[in-house]
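Consider the single chain below, provided in structure tokens and representing the form predicted alone.
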């Protein structure tokens, strides 16, 4: 789960991290009022969507008057912002964040993420801030600093100093950097975050030099939300795919893609294998929907309905390797779905595992035209062939 920038800043503020003064506005009048309350002579107006690259897309404006704050907010709210992370359809801007403009001397990148290789939280930092970190990693990988954190002892002061020194922080900024990094790590650990990204972290020159978080992004472990009430309350369903939201309400996991073959599977590993098999045969998956364990006929019916809400779907590949699940449950669910939803697209079904013979018998004895396959490779090849014909 992701949250908005302003929510990330409020979260960091609760850990004594320095962030600019600001407020969230849902219309131009509110934006102007917030700017007046903040005071100063310059403000930053930022579109609040769950995507990066807002600055290049016009979603971040620095303005010098309250009237300009209102105009910038009015131009953003209610319109779609297209960035390299939103796709061509863009994301609808429903709110903006107004903050006091800072006198920036230098910008840095600071991130905390879970390294799958070491299975530990890792600090990633660079002296090149305010730009896409992917560009820095691609063009100047030597400018990326990494420090792995031992979960048994946590982030140590010497590690913070090592990172700070490597990106060019010294003198009075060193203790600020240590305090900042330890606070972000503590926040990430306490709130079950998968990633915390500060870009940019900046030195501002208002009197004494200070380190301040100018932009922040967090993502959280969905499986831990049951114990993170504060984070759950920050969820903005409008920023998520409606089909993904509906699927989660039925205990299903749905991920939208851009192809034309719907995929209903059980288990993340089988999902990835199914996507790979489709791609290997020259096809493009439209999504994958994981029914998980214990899929009742009703759950399978809901899965089919959600997959078919995508108008690009030309056929559905059902790939089930039953363990806790049962193939006869899946078969009954598919028949129920076809009868109740009047499914017009072909269904290619591959069943294996618990009660596989019963499941295949149920499908064979039905009055419906299921296309069956003995293995994943054959099922994927058949799905790609049918989707290609139906696309014409």
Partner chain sequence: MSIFVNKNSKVIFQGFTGEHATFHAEDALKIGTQVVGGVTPGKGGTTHLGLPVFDTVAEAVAATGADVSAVFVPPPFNADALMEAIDAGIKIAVTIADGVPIHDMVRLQRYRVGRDTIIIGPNTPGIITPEECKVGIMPSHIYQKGKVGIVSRSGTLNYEATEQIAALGLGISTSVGIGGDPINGTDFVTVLRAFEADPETEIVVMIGEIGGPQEVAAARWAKENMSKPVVGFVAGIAAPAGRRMGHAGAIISNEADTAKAKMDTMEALGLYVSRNPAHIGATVRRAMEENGIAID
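What you see is a predicted model; the values in this text were computed from it and never measured. Residue numbers count along the first chain shown, from 1. What we label the rigid core is the largest C-alpha set whose atoms superpose within 1.5 Å from one form to the other.
The following text describes the form predicted together with the partner chain, which does not appear among the structures shown.
Heavy atoms within 4.5 Å of the partner chain in the model of the complex are found in one stretch of 59-67, 340-348, 323-331, 46-54, which is 323-331.
Of the candidates 163, 81, 213, 121, 121 is the one whose heavy atoms come within 4.5 Å of the partner chain in the model of the complex; the others do not.
150 is the sole member of 309, 236, 150, 157 with a non-hydrogen atom lying within 4.5 angstroms of the partner chain in the model of the complex. Using a 4.5 angstroms threshold between heavy atoms, residue 197 stays clear of the partner chain in the model of the complex.
None of the heavy atoms of residue 180 is located within 4.5 Å of the partner chain in the model of the complex. In the model of the complex, none of the heavy atoms of residue 10 sits within 4.5 Å of a heavy atom of the partner chain. Looking at residue 273, you'd find a heavy atom of it within 4.5 angstroms of the partner chain in the model of the complex. Residues 350, 352, 353, 354 are the members of 332-361 with a non-hydrogen atom no more than 4.5 angstroms from the partner chain in the model of the complex.
Core-aligned CA deviation for residue 115 between this form and the one not shown: 2 Å or greater. Once both forms are overlaid on the rigid core, the distance between the two CA positions of residue 146 between this form and the one not shown is 2 angstroms or more.
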